[in-house]
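Read on for two forms of one protein chain; each stands alone as structure tokens, with the labels structure 1 and structure 2.
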Structure 1
Amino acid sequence: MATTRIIDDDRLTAVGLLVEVHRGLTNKFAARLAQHGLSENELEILLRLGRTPNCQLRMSDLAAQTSLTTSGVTRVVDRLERAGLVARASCDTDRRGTWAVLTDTGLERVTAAVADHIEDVDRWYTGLLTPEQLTGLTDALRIVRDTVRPEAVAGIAEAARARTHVGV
């Protein structure tokens, strides 16, 4: 007698699995990141800045990429700025906007944090799977990502053109 309750639907457990993995990893990562004085959101913002040609991105682009609210980005950048890892620079071409610019110490900090972080990622995630499993996983995830968050690549080209210098 198979149970056919809607509450046991396979699709439900499939998302459940994703959620559990996400939470589990987040918890595993949090401790080490805290040693570097960073939260996951802060790390992500630093990473996105660091990957950009001139290490800078508009606040609204950060919001689009991270799926934080613009308000959320404001506050995260506030903290990072207070910590000296990011600086704000006004945008010449559109004086409504502000660049968030990764400082030198910000780059150092994120580099150090990432080195440790990758160890954890490998231990708790990528290292648990065979290469085939991993590519299968990421391919599938990419399909889902592209439909649930198509806007995730904002402002990179634009930022490459601008050249705002900070520090020094």
Structure 2
Amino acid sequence: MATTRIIDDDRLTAVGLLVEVHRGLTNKFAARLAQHGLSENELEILLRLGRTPNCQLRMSDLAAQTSLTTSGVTRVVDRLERAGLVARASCDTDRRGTWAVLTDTGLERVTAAVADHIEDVDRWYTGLLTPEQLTGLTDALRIVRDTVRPEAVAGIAEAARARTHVGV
């Protein structure tokens, strides 16, 4: 009689595959992002800002949404601000808060990078799946994300209500 070992549990296989896929995709995407002068963290911040209403998030919400610490987000936003891709603006509803706002130049840069990035996403990820598989995987990932990282959508509603204008 064969016994099943706990280390052979299918749940470990599922999480192991997720980790392996993330590492593999990160490696595949890095070269193309470098051609646009962006790191993975910089692209993530630019995308999160660009896909948020009014292209802005409070710095604290940006930190909550990313895998970076608050100081890590500050360092990345500092670099993006020096490059003219992001600006900071005061938050009217919270004197301690600061908005990170995507500039027009930042939107142009992330749009150009994404045009190439989406080719890699399709080649190494979405294009390998049928539409039904992609929908199922996206739905499943959203369920897990919403449970383990509900803060990943922090600040979206407030950003939609805010009207920050940056003259950059």
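Everything quoted here is computed from the prediction, not taken from an experiment. Here, rigid core means the biggest group of C-alpha atoms that superpose within 1.5 Å across both forms. The first residue in the sequence of structure 1 is number 1, and each one after it adds one.
- Here the form predicted in complex with another copy of the chain appears as structure 1, and structure 2 shows the other form of the same chain.
- For residue 20, a C-alpha deviation below 2 angstroms is recorded between structures 1 and 2 after rigid-core alignment.
- Residue 71 is not among the residues whose C-alpha shifts by 2 Å or more between structures 1 and 2 once the rigid core is aligned; its shift stays under 2 Å.
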